[in-house]
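Read on for two forms of one protein chain; each stands alone as structure tokens, with the labels structure 1 and structure 2.
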Structure 1
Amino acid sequence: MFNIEPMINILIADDHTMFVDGMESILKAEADFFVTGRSYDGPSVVEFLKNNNVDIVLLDVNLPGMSGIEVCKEITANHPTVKVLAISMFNEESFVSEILNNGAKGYILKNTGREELLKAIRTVANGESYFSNEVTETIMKGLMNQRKASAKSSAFFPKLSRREKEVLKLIAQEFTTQEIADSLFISLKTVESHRSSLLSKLNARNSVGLVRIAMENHLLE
């Protein structure tokens, strides 16, 4: 007797082994699921997809080495048939919107139950999108705040350029302007220019504010 339903090939990508094992145990019990691989960091996901047939990647947003967001971008670009279901500890608007903008088909939290997980996978495998209720709520809130346009706290985050992010990270590491200039092989004046842009974009009065805002928005690491 053959199953009409095709098998869904799943790659689990999460740096917490126990979590991967647990997830696999759940999925194994389903007849139409096949866990075709496990990855514990970003680069190995990319590597795995080159040589294997995968329908869905269960992707942790916060992966070591190469963040889930970058991995997702890579997948969308080079493996358009592979669907990404983002899984995260954090119900943060910034995470959700960023990975969705990079092609993820769904986003669920690690505190969602077994039934919802299975439903999410089947929905995404079917070509539709899936979001946990909590996540949907968060996105709605984010949109609300965006409308208000009032710069209160973490409404929506101004886009920082590559250089600005680099400088910001080095500022957060307590380097002086001259040290940053040396390490990036640019002039002291250029670094000051970038900091000035950061102060203006992030609405901060000084470097302390930059770092506080950056940390509050998980911009470092």
Structure 2
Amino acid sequence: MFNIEPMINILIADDHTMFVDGMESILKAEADFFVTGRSYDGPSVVEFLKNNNVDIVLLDVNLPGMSGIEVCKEITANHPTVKVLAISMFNEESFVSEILNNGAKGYILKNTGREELLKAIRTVANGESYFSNEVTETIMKGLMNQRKASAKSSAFFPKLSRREKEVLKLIAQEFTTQEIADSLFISLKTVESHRSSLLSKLNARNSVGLVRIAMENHLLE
């Protein structure tokens, strides 16, 4: 008995006809692929998905009418079973992170070879993620830059004493000065001293500012 591979229905979405022609020629040679349609702008992708069975959209990031990122967001919201494999000439962290945050399962570059293209489609169709090696490096560099920025921010952030942190948490819980003093068994004057120190260290104007800065920098965790 023959083991028949399930058919993968593919929509190609790109505004360059020659690129689409080449892509379709490659895909049609594969027994488990069926090119169910082609779209040359964002809105036509959205319309096509309303009336056609599609498993994967090969989606250009830079489409006319609606950007690939907007289209991906629309697909994720209204067609959760449809998987998006982004294909682009842009290997920039902002493009990659934004379309991934909007639901894309993979990202490959347009200079990707035939074998990697086929592997990427089958991997995404199987519910896994796939990225070109260059894209993976871009993602890793982005994460490293974020960590460095976070570390740099922490390095220059003023150190708070244990008592100052306790006072700060109670301020965030809307305790009055008297309630803070009673809770920590300290005098009103000491509470005010800690509050003044917090305002100075965190460069805040009032208690509302203290709470905002504390939340932004995860000081209340």
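C-alpha atoms forming the largest set that superposes within 1.5 Å between two forms make up the rigid core. Here, residue number means position along structure 1's sequence, counting from 1. Every value quoted in this text rests on a predicted model; they were computed, and no experiment measured them.
Problem - Displayed copy of the chain that is the form predicted together with another copy of the chain - result: The chain shown as structure 1 is the form predicted together with another copy of the chain.
Handout entry: Core superposition between structure 1 and structure 2, C-alpha change of T17 at least 2 Å
Key = Moves: no, less than 2 Å.
Exercise for the section: Using a superposition on the rigid core, decide whether the Cα position of I26 changes by 2 angstroms or more between structure 1 and structure 2. Expected result: The answer is no, as the C-alpha of I26 shifts between structure 1 and structure 2 by less than 2 Å after core alignment.
Practice task
Quote the shift of the Cα of V208 between structure 1 and structure 2 to one decimal place in Å, the two forms being superposed on the rigid core.
Solution key: With the rigid core fitted, the alpha carbon of V208 is displaced 34.4 Å between structure 1 and structure 2.
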